[in-house]
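Single chain ahead, by itself, as structure tokens, in the form predicted alone.
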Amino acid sequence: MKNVRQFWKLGRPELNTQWFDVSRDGHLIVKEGNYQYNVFELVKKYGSPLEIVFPHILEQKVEDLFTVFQNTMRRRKYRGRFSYHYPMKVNQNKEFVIPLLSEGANLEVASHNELWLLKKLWGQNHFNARIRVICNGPKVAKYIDLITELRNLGVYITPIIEDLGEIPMLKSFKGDVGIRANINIKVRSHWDKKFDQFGTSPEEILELGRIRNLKILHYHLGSQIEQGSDLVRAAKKLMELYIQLRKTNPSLDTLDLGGGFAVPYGSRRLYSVESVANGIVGTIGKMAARAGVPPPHLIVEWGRYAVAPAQISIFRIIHAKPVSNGSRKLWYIIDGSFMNDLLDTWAIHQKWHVAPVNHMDAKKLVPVWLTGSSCDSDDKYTASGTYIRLPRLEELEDGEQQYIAIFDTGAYQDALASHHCLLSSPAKIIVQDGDITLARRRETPEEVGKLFGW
């Protein structure tokens, strides 16, 4: 069983699979303290396609993040504070946001509608005035009005100036503000930095002189940054601007380092939180000491880091068919859709960690590609041109079904989901403290039709 666990890359913290294991029956299981969940039994009860959310994974990821940064700051005698702002755009589902808030996360919103959800949480007493909110994204009038309303209600809320045209719009705002810099630095990531429509150049920011109530200097470097050293190098670049900007803006005391911390998606070890925290805190601390300025408070917005591993998506293999042109691979058709349910497959050619839910100990595996249930030729997953090894369907007993799990699906996929070919969204369950809660039932044809006016 140990070799089976290793083969499917389970129980490995560097791949975000430390919570997953294989049962004696060859089933995928998930551990939460003294609780243990058999994914095969869950999918037999709730059907497929199915999304399973594990709030305890969310909570542990955030706890680990706080622990690492606080220990690093203590060891290096760094006098600034660390805080984590969860970017709601990564996953706005309540079952993700509430556990993050409970573990001490602050929030980052990027639109009026996301901020409206925050107002709703405020009215339901889901968070208190100690929680801080950063507002990114273009500032349309109704967005600014809601920012002002929440500030007047006692929310500590900070709008970030995305470009110079927003400064007149925020002229009457009484609270703290931040500004986003578009720093000229090239990194390897899912991001086209040749042209970036957000942020203002350092030269233009410095020409502004004093910016009333300036509190935060912010940037966003990219998504899925491949090298941890690039995160440190970009923080150094932003700190150079921070030191210059403080000469005319002594109220400035915080660096928001944005997002970009990569998720390994079961493929290979990337870099650790410990190494990045040590590099950022050490570099910025030394620069602050040399410049004779207080070390800034630090914010990160690593959304994918926290929520991607907290959800897995389960699909049933409907049947198999040969791949044409003499290939030895097979197509395994799933009862869901990559274009609808896992859009990153098509949008950014995401390479997922895939494993069987049952028959994990099968002795005979076959190289396969996966294809979805829509009629679109792009609704497929070919593992970036390689293949996946999965159990042979011929080995199944009569009436038995083969299910697969796709890991790390908690980031962005729900927000980007669609209804191509009017396919229904997967059901969603929440698994926590030994209890199972149905958060979203599988849509009926009538419900999907209503979305399109039928």
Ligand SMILES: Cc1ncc(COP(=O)(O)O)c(C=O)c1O
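It should be emphasised that the depicted structure is a prediction, and the values quoted were computed from it without experimental measurement. From 1 onward, residues are counted along the sequence shown.
What comes next is about the form predicted together with this ligand, which is not displayed.
With this ligand omitted here, the record of contacts in the predicted bound form names 258 to 266 of 99 to 107, 258 to 266, 244 to 252, 201 to 209, defined by a heavy atom within 4.5 Å.
Remark: Ala235 does not count among the residues lining this ligand in the predicted bound form, judged by a heavy atom distance of 4.5 Å or less. Within 4.5 Å of some heavy atom of this ligand in the predicted bound form lies at least one heavy atom of Arg304. In the predicted bound form, at least one heavy atom of Val90 sits within 4.5 Å of this ligand. Within 4.5 Å of some heavy atom of this ligand in the predicted bound form lies at least one heavy atom of Asn136.
Gln224 is the sole member of Asn278, Gln224, Ser111, Ser373 with a non-hydrogen atom within 4.5 Å of this ligand in the predicted bound form. Along 407 to 424, a non-hydrogen atom within 4.5 Å of this ligand in the predicted bound form is carried only by Tyr412.
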